[in-house]
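Starting off, we have a lone chain in the form predicted on its own, written out as structure tokens.
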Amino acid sequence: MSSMLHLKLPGRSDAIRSFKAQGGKIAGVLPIHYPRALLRSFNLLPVEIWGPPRIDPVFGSAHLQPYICSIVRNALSFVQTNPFQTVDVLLVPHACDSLQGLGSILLDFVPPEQPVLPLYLPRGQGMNKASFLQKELETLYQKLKNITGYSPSQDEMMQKILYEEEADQKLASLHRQRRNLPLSDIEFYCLIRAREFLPAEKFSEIAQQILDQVRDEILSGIPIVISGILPEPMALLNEITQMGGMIAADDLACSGRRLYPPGRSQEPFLRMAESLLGAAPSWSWGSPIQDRLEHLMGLIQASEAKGVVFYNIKFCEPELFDLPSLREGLQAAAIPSTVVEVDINDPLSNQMLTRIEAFLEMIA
């Protein structure tokens, strides 16, 4: 019997209601990188908005070009819905041009009732990224102070940082030991994606329950690495399992690219910056293609994967820019790969599933 049946993993709505019942407030957060500990210091629970799927995109489509990715388009529509009224603050990291554009739209053209806070991320080479990000986090602190009327101390921030670092270490352990956990692929991703909305303390507790069940037996299946933004629709994971495949490692923006190591500094803002910048190479940090390729090759080697599925959100330009070079590098190393494109509003297509099934048969 699956261990997930005994976890009582809270849903997103349950987590929000529970946190609000304790006097907390909710920060809706767009992808990808942001300081969880800083938000928690202001008694704000970060709840991530990856689209979301299954929402009417009509409002977003009225304000955005048709070639904008569905994550951004759905997010703009979601801001106009009743469920969004549970959110008290909206944080928009500038992870890509589309998200930066969304931030501008929400600030200047169709502002919601809630405060909208942009967060600029350092990109490119030849700059002190930690110093830049530290100053951005200090600026965000001042904005949150003005909104909430509260000024958390350095000690309070360090306490929240330690809670988040513990949860991040549990998350990294789950990724490392995923093939020895009593979880199917879809159960694994339900668990790790709960990091998108659960308080760090609750996530650490649940993660440890699963880590205590690590076993010698390795999950069977054709091992692959999946790369892209997020595994939506989540039904994809069941389909891969039924095809005889299993996800041995991932380079997904929502999970594998966000395995943050602990920071080193005793200064809270710098420590948070160090942790965020310790994430996997990504276009969101302006990482060189070679760094991304080496990271991907490392995942393949460590997981003994037989190939890579690039599972791309349609019109995600940063992913598309990197894709040819990444595939060329994999081909030079004799590692097979395939590419599929999805819109998170659409159901899984037979054409896409057939492509993945044919790929698994080829590499088996």
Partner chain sequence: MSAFGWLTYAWNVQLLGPAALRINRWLSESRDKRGSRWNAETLAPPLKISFKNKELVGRHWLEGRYANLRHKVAWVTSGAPVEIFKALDYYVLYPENHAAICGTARVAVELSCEAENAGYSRDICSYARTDFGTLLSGKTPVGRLPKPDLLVACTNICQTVLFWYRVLARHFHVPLIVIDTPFVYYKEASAHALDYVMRQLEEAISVAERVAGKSLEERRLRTTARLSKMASELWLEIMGRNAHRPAPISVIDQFIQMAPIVEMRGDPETVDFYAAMLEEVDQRIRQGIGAVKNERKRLLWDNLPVWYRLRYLAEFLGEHGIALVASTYTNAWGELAPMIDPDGGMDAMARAYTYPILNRGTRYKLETMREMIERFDLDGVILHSDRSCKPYSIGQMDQRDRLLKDHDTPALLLEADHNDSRSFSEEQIANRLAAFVEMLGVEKWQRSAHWG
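Positions refer to the first chain, counted from 1. What you see is a predicted model, and the numbers here were worked out from it, not measured in a lab.
One more form of this protein should be noted, the form predicted together with the partner chain, which is absent from this view; the next part is about it.
- Although the partner is absent here, Glu196 is not a contact residue: none of its heavy atoms lies within 4.5 angstroms of the partner chain in the predicted complex.
- For Phe109, a non-hydrogen atom is located within 4.5 Å of the partner chain in the predicted complex, even though that partner is not displayed.
- Although the partner is absent here, Lys160 is not a contact residue: none of its heavy atoms lies within 4.5 angstroms of the partner chain in the predicted complex.
- In the predicted complex, the partner chain stays beyond 4.5 Å of every heavy atom belonging to His295.
- Residues Lys129, Ser287 and Ser325 are all found to lie within 4.5 Å of the partner chain in the predicted complex, as judged by heavy atom distances.
- Residues with any non-hydrogen atom within 4.5 angstroms of the partner chain in the predicted complex fall in just one of 27 to 35, 41 to 49, 298 to 306, 56 to 64: 56 to 64.
- Taking a 4.5 Å heavy atom cutoff to the partner chain in the predicted complex, the contact residue among Gly103, Pro231, Pro223, Gly256 is Gly103.
- Contacts with the partner chain in the predicted complex, taken as any heavy atom within 4.5 Å, map within 134 to 150 to Lys135, Glu136, Thr139, Lys143.
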